[in-house]
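Just the one chain here, laid out as structure tokens, in the form predicted alone.
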């Protein structure tokens, strides 16, 4: 009797820095267990060997910024039973989504000697704007332990167990003093998804919102607090706080637009 075939895992790259793919490679010993449980069929960051689809699980890093990628992601969806987007670029357009607030031609004219050669879309959009996505894993980059949990969950056909609470919970668990209350430092922790282990607050720095909006974030109340005493943050700065790694995430983009002077 032949042994059951291993599920096929594929990892795809679109417009991104490769950091989330490297998070998977950084798993080291845990990656050996993943490789033993699945067939890594398509992962150009790790190997040139490619096994044809269909694939049981596809991990997608990066946003859609070109017409060619908009077509390619449709093909990825067609040959994948499950699609999970990983990282801020794939889930919210990434740092490159800052182009969405301006005319993209202005950026290309300042950066490239021959901007007429640049073929790009007006906006950088998350994968979910183009295809149906089965799960979104936030982070810039993603938390490798959460990534392993998501892979394990989909292989076991169960819901991934990733924390829905904000970064503030991680601060409390680490016994950290709130930088916003104690020092008046702007911090996105109250509206940001947990997953980083409160890295920045641990060094007396405010959260930058790398993991995107938490579930049902009250961005308006957060902005009202930051704009009042004692912080007194001006509307322009508030708008910029929401326009970083996850600029195209709906709750952050909406609040950024609302706070622009």
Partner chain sequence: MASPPHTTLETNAPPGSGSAMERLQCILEREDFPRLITVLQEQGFEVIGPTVRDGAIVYERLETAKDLPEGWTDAQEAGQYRLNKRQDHALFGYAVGPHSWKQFLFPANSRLLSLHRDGNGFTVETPAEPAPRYAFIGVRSCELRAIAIQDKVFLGSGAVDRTYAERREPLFIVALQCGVAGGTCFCVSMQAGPRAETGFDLALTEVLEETRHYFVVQTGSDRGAQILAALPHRAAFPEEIQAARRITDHTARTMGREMPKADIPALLKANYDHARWDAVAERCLTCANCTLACPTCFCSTVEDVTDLTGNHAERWRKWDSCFTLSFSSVAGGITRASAKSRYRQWLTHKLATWHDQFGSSGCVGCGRCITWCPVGIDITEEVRALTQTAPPTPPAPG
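Numbering follows the first chain given and starts at 1. As the structure is a computational prediction, the values presented were derived from the model and not from experiment. Basically, rigid core = biggest C-alpha set you can superpose within 1.5 Å across the two forms.
One more form of this protein should be noted, the form predicted together with the partner chain, which is absent from this view; the next part is about it.
Enquirer: Residues 51, 123 and 236 are flagged as a possible site; in the predicted complex, is every one of them within 4.5 Å of the partner chain by some non-hydrogen atom?
Expert: Not a single residue of the candidate spot has a heavy atom within 4.5 Å of the partner chain in the predicted complex.
Enquirer: Counting any heavy atom within 4.5 Å as contact, can you tell me which stretch out of 100 to 108, 124 to 132, 170 to 178, 82 to 90 lines the partner chain in the predicted complex?
Expert: Among the candidates, contact is made by 170 to 178.
Enquirer: Verify the contact flag for residue 74: yes if a non-hydrogen atom of it lies within 4.5 Å of a non-hydrogen atom of the partner chain in the predicted complex, no if not.
Expert: Residue 74: no, not in contact with the partner chain in the predicted complex.
Enquirer: For residue 222, is any heavy atom within 4.5 Å of the partner chain in the predicted complex, or not?
Expert: Judged by the heavy-atom cut-off of 4.5 Å, residue 222 is in contact with the partner chain in the predicted complex.
Enquirer: Do residue 26 and the partner chain share at least one heavy atom pair within 4.5 Å in the predicted complex?
Expert: No, residue 26 is distant from the partner.
Enquirer: Quick one: is residue 193 in contact with the partner chain in the predicted complex, heavy atoms, 4.5 Å cut-off?
Expert: Judged by the heavy-atom cut-off of 4.5 Å, residue 193 is well away from the partner chain in the predicted complex.
Enquirer: If the cut-off is 4.5 angstroms on heavy atoms, which of these, 57, 198, 41, 34, is the one near the partner chain in the predicted complex?
Expert: That would be 34.
Enquirer: Is any part of 206 to 222 within 4.5 angstroms of the partner chain in the predicted complex by a non-hydrogen atom, and which residues would that be?
Expert: Those in contact are 214, 215, 216, 218, 220, 221, 222.
Enquirer: Look at residue 183 and decide if its Cα position differs by 2 Å or more between the shown form and the other one after superposing on the rigid core.
Expert: Yes, the C-alpha position differs by at least 2 Å between the shown form and the other one.
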